[in-house]
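One chain comes next, on its own, written out as structure tokens in the form predicted alone.
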Amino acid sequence: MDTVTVAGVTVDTRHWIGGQRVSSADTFPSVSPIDGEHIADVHRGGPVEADAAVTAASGAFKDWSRWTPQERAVVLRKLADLVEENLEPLAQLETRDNGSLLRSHRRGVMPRVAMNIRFFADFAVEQLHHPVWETRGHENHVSWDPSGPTVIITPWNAPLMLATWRIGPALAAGDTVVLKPPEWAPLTASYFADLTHQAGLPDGVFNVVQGFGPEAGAALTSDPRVARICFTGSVPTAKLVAKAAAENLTPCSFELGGKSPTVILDDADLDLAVDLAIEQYDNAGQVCLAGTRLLVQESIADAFAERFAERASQIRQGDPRDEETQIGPNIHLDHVARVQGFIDRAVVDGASIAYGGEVNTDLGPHYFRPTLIRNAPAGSEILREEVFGPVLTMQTFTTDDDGLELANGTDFGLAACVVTGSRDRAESFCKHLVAGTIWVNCFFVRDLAAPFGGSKKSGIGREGGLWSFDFYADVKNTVYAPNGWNKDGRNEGTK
């Protein structure tokens, strides 16, 4: 069947290429982590579909790139309006597909989809400019020119929101887009494609190719016609993407793994510290930015651990469609096995499980219990590698310098959270903390105008606000001579 009804929402399971639905000979299953139910057979693309999508995007680029930012904004604002009109079906569909909390999709994630599109459409019209300046009397005029077809590959933890974080600025910049959604949660991308058509986006400007990385993803990232590649996912996969892109010198923007610290200094408000630490379990730990390493100053470690354990024991795990649920399932049984493997190896290394450490069999095989690991030996895997599940570790330190060394002691540098009662102390600590984003006494506060990205192995590049357009566009400087113009306005030359 080419269309299915999931959570009361009808969605097409074929690709969206050149303004048309395109079938493939093969399909792959979409299984809901809520109850393990098979919910759809999704058309499985490969090199043929990837080539067709890039061809469509390349053909559409000539006209779309010549639209003014104002003209593009009209269509993109309409698209944002349509997302807002379809918040409930989008929320229902994505919850069923990837198991994230329905209330989060309703209140935050899907409204952010609309915000991503509208913000960058408005930014291109209202803020994408640079003051003219002179060099020896010559005028420098900076412009941001569309770069070409953009390939966007997104993960499954917030597939549509994270896709539109890139789709928004790419389209606003005048690029065309080929999106490869995650095979574990592809359905909202297909629904979104229909909304782009309803909004009046020209055929070929936005395309969706569903499939697996080694088939569809590899074909897209190796195509020499692609002007930009955006990838969110693991470091090993990013290396493959980078190798393919290097053959064509295609610029890449990578948001990769995290092993972020939540640093709790001894002057912190303990209630606030516990609240922020508990937040790191959000989305069953499937958040790139999560501060999963709890680093607590030794003098308050016992008091913190006691309060944290009490709060953690009260976390309500269950069906993500229930308003009272705080933690739902993990995405896939393969991923659950991966999480369990990390914990089993940590115990072998000498770590202890403070609580959790196993599947909540009362709910089903996808529901991993919130877990805290303590006493892990320095340098052990559980302290170095991203688990991407509801698993936190706790370590203690004595001085601020010791805490800073622990915080910076991984190959990652995506984010960090610092809890302290002193502004001066926070500024001193954060000055040498390696991370793309640092939250002090807060967590997950995001502004679309702010730079976002990772340091070290957590990514390449920055996006957000002007930084997004610096990536998705070709930044150009045009220099005008101060004299030598004839009566028709032609420059006859100057020395």
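Counting begins at 1, following the sequence as shown. As the structure is a prediction and not an experimental result, all values here were calculated from the model.
Although not depicted, the form predicted in complex with a small molecule is the subject of the following passage.
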Worksheet item: Hey, in the predicted complex, is Val241 touching the small molecule, heavy atoms inside 4.5 Å?
Response: yes
Item to complete: Verify the contact flag for Thr237: yes if a non-hydrogen atom of it lies within 4.5 Å of a non-hydrogen atom of the small molecule in the predicted complex, no if not.
Response: yes
Fill in: Heavy atom of Gly403 within 4.5 Å of the small molecule in the predicted complex
no
Worksheet item: Does Tyr281 reach the small molecule in the predicted complex if we count a contact as any heavy atom within 4.5 Å?
Response: no
Worksheet item: So which of Pro390, Gly217, Gly168, Pro149 reaches within 4.5 angstroms of the small molecule in the predicted complex, heavy atom to heavy atom?
Response: Gly217
Discussion item. So the small molecule isn't shown here. In the predicted complex, which residue out of Phe231, Phe120, Phe192, Phe368 has a non-hydrogen atom within 4.5 Å of it?
Written reply: Phe231
Item to complete: For the three residues Trp156, Leu162 and Gly213, verify that every one has a non-hydrogen atom within 4.5 Å of the small molecule in the predicted complex; reply yes or no.
Response: yes
Worksheet item: So which stretch, 270 to 278, 77 to 85, 250 to 258, 322 to 330, is the one near the small molecule in the predicted complex (non-hydrogen atoms, 4.5 Å)?
Response: 250 to 258
